[in-house]
Ligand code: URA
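This document starts with one chain, in the form predicted on its own, laid out as structure tokens.
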Amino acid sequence: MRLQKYLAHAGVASRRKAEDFIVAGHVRVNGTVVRELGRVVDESDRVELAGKRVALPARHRYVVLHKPAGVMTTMRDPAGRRTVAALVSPGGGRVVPVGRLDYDTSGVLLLTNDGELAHVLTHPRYGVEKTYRAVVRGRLQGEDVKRFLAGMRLDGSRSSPAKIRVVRAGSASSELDITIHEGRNRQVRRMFDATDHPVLSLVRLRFGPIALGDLRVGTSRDATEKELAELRALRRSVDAEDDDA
């Protein structure tokens, strides 16, 4: 297994971040600093990151959380704000959030110790879809909807086209489902801001194969067998691509 892939499977970092650690000289294999990304290792090797041994987990854990608004999508916060770590049982092994949900956004969040899966779920190359239920101010017009479907300029570049479905339209507020496959900072809110329909509330309904369903706010569950099968299929696609590289 390639060293960056080993680190990702161990859950210490995404593969991209693991590559940065290796190139920077923070990784040792059997006591020797390794900077080559193609180095092959296995479980018999002693792999260390910043002086601490890194081992593959005995089993991967996949936790689905309904993150409330007003909670940080991190395991700890220097400012002392509440984090998702307080909402997930430590039993079964350490997990970390896959991607982020804004502080003021609620909805489905996956936490895992499977770094390789986290890589494929968050890397733009794989285009994993995320669906949100947004309540926005006012009623979107046809031209507004066309801007979502065509993509709009954010940070000086055009976003990828979004899918949008009107759930309820009213003069004071409207409710819509929007599906994107990018992960730009506060992207959904900024897209609605660009059409002069600011978001009043935002809930993520789906992240890849993981659906929020009727999971209560602030509670968590293990991923279902069906979800695990789809997650494993994503993992296999990455492994195959990596083996071909």
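Counting begins at 1, following the sequence as shown. Computed from a predicted model, the values in this text were never measured in an experiment.
FYI, the form predicted in complex with the named molecule isn't displayed, but the following is about it.
Of the candidate stretches 215-223, 32-40, 180-188, 46-54, only 180-188 has residues whose heavy atoms lie within 4.5 Å of the named molecule in the predicted complex. At a distance of at most 4.5 angstroms from the named molecule in the predicted complex, all three residues 101, 105 and 202 contribute at least one non-hydrogen atom. Of the heavy atoms in residue 148, none are within 4.5 Å of the named molecule in the predicted complex. For the partner-free chain shown, just 132 of 118-145 comes within 4.5 angstroms of the named molecule in the predicted complex, judged by any non-hydrogen atom.
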